[in-house]
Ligand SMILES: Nc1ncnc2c1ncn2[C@@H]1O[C@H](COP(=O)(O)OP(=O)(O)OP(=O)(O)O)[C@@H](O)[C@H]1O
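What follows is a single chain, given as structure tokens, in the form predicted on its own.
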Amino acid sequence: MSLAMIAATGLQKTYRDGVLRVDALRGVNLNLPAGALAVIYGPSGGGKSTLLHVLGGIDRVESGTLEVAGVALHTANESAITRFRREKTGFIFQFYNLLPSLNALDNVCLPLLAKGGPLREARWRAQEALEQVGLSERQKHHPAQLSGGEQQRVAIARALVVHPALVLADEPTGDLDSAATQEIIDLIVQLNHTLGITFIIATHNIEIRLIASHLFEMRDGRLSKL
């Protein structure tokens, strides 16, 4: 874990709604090596999701410098950021965000098809990703036929299918019971160790803190290393 995955300095992000001003990021600094398993712990509304969106190129900061996986996001144009999102990152969300009309295999294929890749290769790589998360036998099942933990495994496979350098997980166990939560935690640890992918997990679940190679707390838009 010697190469830098993230180098961020002085990140500022403010949202405005009429007269209301919310300082979501207040001078955030973050340096993280490749291969890390980082956990950002803190209460809802503290800025964790905003930070993940900025790190993943979904949102942009107003000031500060940010380099992720060798891409300077604070100066990149929109086409470069779109390429970064498609090729460098994978996202995992609390509520899975699977399309109910598609089976597990087709849901995992979607990021590759969005890049314009051939269907045959997308299906092969989706099968590989589902195998990595232990769902080879469930690839033809639709989300309604899967448990919450299985749906989150499909979502993890979808994040992995692009072979990302960085996976960002926003409350990945927030909608799961304790048994499924532990399974997802164990899976993330396994994938981090075996594939060497950098993971950043935003959570208010105190149990997830225990798996971190790098642990941070976020409150009121400020990030501190623990």
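In this text, residue numbers run from 1 along the sequence as written. These numbers come from a predicted model, not from an experiment.
Just so it is clear, the following notes concern the form predicted in complex with the named molecule, a form of the same protein that is not shown.
Peer 1: Answer with yes or no whether G46 is in contact with the named molecule in the predicted complex, where contact means some heavy atom within 4.5 Å.
Peer 2: Yes, G46 lies within 4.5 Å of the named molecule in the predicted complex.
Peer 1: V22 near the named molecule in the predicted complex, any heavy atom under 4.5 Å?
Peer 2: Yes, contact at 4.5 Å.
Peer 1: Find out whether any non-hydrogen atom of T198 is located within 4.5 angstroms of the named molecule in the predicted complex, and reply yes or no.
Peer 2: Looking in the predicted complex, residue contacts with the named molecule do not include T198, since no heavy atom lies within 4.5 Å.
Peer 1: Can you check whether T50 is within 4.5 Å of the named molecule in the predicted complex, heavy atom basis?
Peer 2: Although the named molecule is absent here, T50 would touch it in the predicted complex, with heavy atoms inside 4.5 Å.
Peer 1: So if I measure heavy atom distances to the named molecule in the predicted complex, which of the stretches 180-188, 159-167, 66-74, 22-30 falls within 4.5 Å?
Peer 2: Careful reading of the contacts points to 22-30.
Peer 1: In sequence order, which positions of 197-217 have a non-hydrogen atom within 4.5 Å of the named molecule in the predicted complex?
Peer 2: Counting only heavy atoms within 4.5 Å of the named molecule in the predicted complex, the single contacting residue of 197-217 is H204.
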